[in-house]
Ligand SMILES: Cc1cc2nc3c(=O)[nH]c(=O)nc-3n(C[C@H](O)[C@H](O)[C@H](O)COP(=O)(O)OP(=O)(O)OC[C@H]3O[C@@H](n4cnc5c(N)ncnc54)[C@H](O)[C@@H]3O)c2cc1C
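To begin, one chain is listed below as structure tokens, in the form predicted on its own.
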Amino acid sequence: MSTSKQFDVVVIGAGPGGYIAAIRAAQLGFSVACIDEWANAKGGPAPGGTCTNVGCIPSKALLQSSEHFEHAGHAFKEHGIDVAGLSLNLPQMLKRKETVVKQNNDGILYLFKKNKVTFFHGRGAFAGAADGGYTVSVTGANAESLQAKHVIVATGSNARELPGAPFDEKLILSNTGALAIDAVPAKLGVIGAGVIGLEMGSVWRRLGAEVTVLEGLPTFLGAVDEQIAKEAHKLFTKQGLNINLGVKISKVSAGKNDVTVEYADSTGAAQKAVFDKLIISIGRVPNTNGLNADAVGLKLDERGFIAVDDDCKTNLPGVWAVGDVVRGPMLAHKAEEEGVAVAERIAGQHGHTNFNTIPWVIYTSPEIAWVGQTEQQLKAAGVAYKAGTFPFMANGRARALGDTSGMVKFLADATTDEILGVHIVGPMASELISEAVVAMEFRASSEDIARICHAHPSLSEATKEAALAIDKRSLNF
């Protein structure tokens, strides 16, 4: 290995947290290196982490494609569009997904070049402390040794395995395998009714699979506002997702061409189901394997996350960590905000991430999105609040779209009228939630939203009407 190359900042990981941190640090005048080991099918660099390669981006590509397929087979007729001989070209659908992924990979490499970030394709790990900073090794086809005063760890997370059911990505699938099934399974099992389970279950249901979801918790989407979750459960069940709650998995057995799941249902009765494929989506674990944290004494917590304070500082001076590898929600946009904040803190600025206004989205159809507190959280905390809802069935644009399912829900402080939470299940919820995030960042009241002119006809009018409903003065319902 040659003499160490010197940088001000070395970022380990080029997922949303890492590549954004590297770019922001370079914008602030630092010499920056970013290391990432993701590789494409040809062995070339594929920056973007789980999000770009086997998460957010490819799942949205398949969700969009599968929604088009379902619309063509069912919804188009109502619009006066008759489709004869509809067929699924799954290889082309998967090829398009890979094209979208590569466009994002290439986009990040372009941004590195544009911002003068030096990229190293390989695995980054601590080699030791050196000269008031740290030595970081890069292993791979082109081994390197880097030195920097500041190191930002952004190594992300991995899918959590179910004990006794390791991923083979052929029959027992993580998110990686779930995005690359080469033929629509007749029967698909999904363990875990979280974001990944519901999104992947939705994709393959639309394409023709019979999907059974097995969830261990007794409630559906426990983190979501209860009223919104109940509405979503009703809609997903109507679509054909077979959702089982309160399930206890006892055994998973992979055969030659199928997977058998033995479990107890919510009544305690023993059940057995055989699936062509099984997706396991029971959460994610921090990715610190191979980081060589012990070489520098980097502290991990009891769950394997890198221990950080509110500013993403670790126990070591000059070492920071962001994204899925630290506490907080495992969301790409949370990682990005932390990456920017850390780069700015290194520059002596006051980077900031507000965990209270991080939006959450589930890209099913209808979409589910929320920000702030749920009604059950406010009740548990003893906060006096007012609630207002507005259904999309009373929204003119939703009627024209042919998608009137769901609602917008506002929660506001009973005394000050400050918006405490906004929850949406319905069309384009992922886009509509941004107005609520902005409003909450500015400590807006529901009256502020109610008084703002919204374009007509638009889905955003449902947001205005839900704000009006706080004072029981909706105009269109």
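Residue numbers run from 1 along the displayed sequence. Computed from a prediction, not measured in an experiment: that's the story for all the values here.
As for the form predicted in complex with the named molecule, it is not shown, yet the points below apply to it.
- Note on the interface: of 414-422, 66-74, 33-41, 433-441, the segment with non-hydrogen atoms within 4.5 angstroms of the named molecule in the predicted complex is 33-41.
- Looking at residue 289, you'd find a heavy atom of it within 4.5 angstroms of the named molecule in the predicted complex.
- Although the partner is absent here, residue 48 is a contact residue: one of its heavy atoms lies within 4.5 angstroms of the named molecule in the predicted complex.
- Heavy atoms of residue 337 never reach within 4.5 Å of the named molecule in the predicted complex, leaving it off the interface.
- With a 4.5 Å cutoff on heavy atoms, residue 56 counts as touching the named molecule in the predicted complex.
- Of the residues given (343, 407, 188, 196), 196 alone sits with a heavy atom within 4.5 Å of the named molecule in the predicted complex.
- Though the named molecule is absent from this view, in the predicted complex it lies within 4.5 Å of a heavy atom of just one residue from 14, 25, 10, 467, which is 14.
- Every residue of the trio 122, 322 and 363 has some heavy atom no more than 4.5 Å from the named molecule in the predicted complex.
- Taking the named molecule as positioned in the predicted complex, the residues of 140-177 that bring a heavy atom within 4.5 Å of it are, in sequence order, 154, 155, 156, 157, 175.
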